[in-house]
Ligand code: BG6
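Coming up is one lone chain in structure tokens, specifically the form predicted alone.
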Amino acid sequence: MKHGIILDLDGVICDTAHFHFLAWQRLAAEYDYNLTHADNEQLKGVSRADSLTFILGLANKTLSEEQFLSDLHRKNEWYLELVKDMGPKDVLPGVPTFFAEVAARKIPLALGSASKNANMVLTRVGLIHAFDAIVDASQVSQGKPHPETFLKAAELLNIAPENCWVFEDSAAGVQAALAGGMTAIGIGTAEDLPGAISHLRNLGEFDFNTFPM
């Protein structure tokens, strides 16, 4: 029976999380709130709108709908400015080896990301053509931990959800994979990513001999 792989982007393929953090921190400062790295951990795998809602809660601040949308746009512009110089050098350790194995074994591969900039980032790091399907936040109505992102990716791969293995570095992403009936592989610790069947430091540690072809 055909199996496929679905990858998250930030923290799995490349580390743009730091750039997101700097942009969110800059915005939070305008709300007189100092966004910490601990706060930022709660934003992993979460949509842009939900992230802003979370930060506003921390800052005990409310915005009009117009200002909310404006601040989302400003945050994204700051983020794009920070990542403009990204390239193949910015992929995480183990990524080139992992992608070479996927290609050699002809495993169907999809991206399931909460980012609306996934195509841009993948183009910059030279991996856009490695994917058979790409699903980002612009294509779904409900973000992680809802399984819609991964279910859409499985649909585009034409592979049953139970035959998809999802690689995630966020608790919300692991929850989304499990909610979709998929197998979750954690890029991180068991403490941070409960529910994943195994935990790796990076994609390069994955043993393809364990993957059902």
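Since this is a predicted model, take the numbers as computed values, not measurements. One rule holds for the numbers: they count along the sequence shown, beginning at 1.
If you look for the form predicted together with this ligand, you will not find it shown, but the lines that follow are about it.
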Which residue, Cys164, Ile185, Leu43, Ala171, has a heavy atom that falls within 4.5 Å of this ligand in the predicted bound form?
-> Leu43
Segment that reaches this ligand in the predicted bound form - one of 26-34, 151-159, 58-66, 44-52, heavy atoms within 4.5 Å = 44-52
Contact flag, Ala114 vs this ligand in the predicted bound form, heavy atom cut 4.5 Å | yes
Asn76: heavy atom within 4.5 Å of this ligand in the predicted bound form?
-> yes
